[in-house]
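Below, in structure tokens: the form predicted alone, a single chain.
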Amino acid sequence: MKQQTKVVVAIDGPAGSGKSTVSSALAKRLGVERLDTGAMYRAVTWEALYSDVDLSDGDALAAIAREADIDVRPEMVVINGHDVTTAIRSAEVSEAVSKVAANEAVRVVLVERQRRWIDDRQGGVVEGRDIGSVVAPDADAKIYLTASREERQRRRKEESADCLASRDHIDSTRDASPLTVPEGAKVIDTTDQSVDDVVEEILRCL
């Protein structure tokens, strides 16, 4: 990666821990861009489902990740010209995304795209499940957000408890870049904290 002139903040954590809300607020405070890497995996998953690709076909999934035109913006996600901002949050995609994200070939391609995004912008707030451990292990700050199961379920009303539990299990036990607390990361429990309080705690780490 090129020498960075802006701050790089890696934010990891399970579904419903507050990553998107906190990273968005933090990016605004820092005046930098934000990348939701989970949206990239969801976009690939949507494209696979839309194209009737077998989710067990690793080569086909990797081809989508490699060849698709994916544009993840703060308020919009587009893949191959399709605005999938709402579609990637559907129950169908939520139930399938962890399986797609567990594909090592897919992760290799998207990790490279994510590193290029950081490099092109010379920094940013990047959220996901392997940012501090794989994508940007040398980030200026590595944050791991967590919350109680009850609070995470409340925040993810669109997902069933079984779906959330399944995603937790797949994400934390997959062979390729499993969800884990990165070395040197600050763990923040967001259960009873406001977004502003969490952002202030992160800013103190910089």
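A residue's number is simply how far along the shown sequence it sits, counting from 1. Only a predicted model underlies this, so the values are computations on that prediction, with no experimental measurement involved.
Omitted from view is the form predicted in complex with a small molecule, to which the following refers.
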{"item": "The unique member of Ala136, Val77, Val97, Val106 whose heavy atoms fall within 4.5 Å of the small molecule in the predicted complex", "value": "Val97"}
{"item": "4.5 Å heavy atom contact, Arg113 and the small molecule in the predicted complex", "value": "no"}
{"item": "Residue contact check: Glu33 to the small molecule in the predicted complex, 4.5 Å heavy atom", "value": "no"}
{"item": "4.5 Å heavy atom contact, Ala101 to the small molecule in the predicted complex", "value": "yes"}
{"item": "Contact of Ala15 with the small molecule in the predicted complex (heavy atom, 4.5 Å)", "value": "yes"}
{"item": "Segment that reaches the small molecule in the predicted complex - one of 33-41, 48-56, 143-151, 61-69, heavy atoms within 4.5 Å", "value": "33-41"}
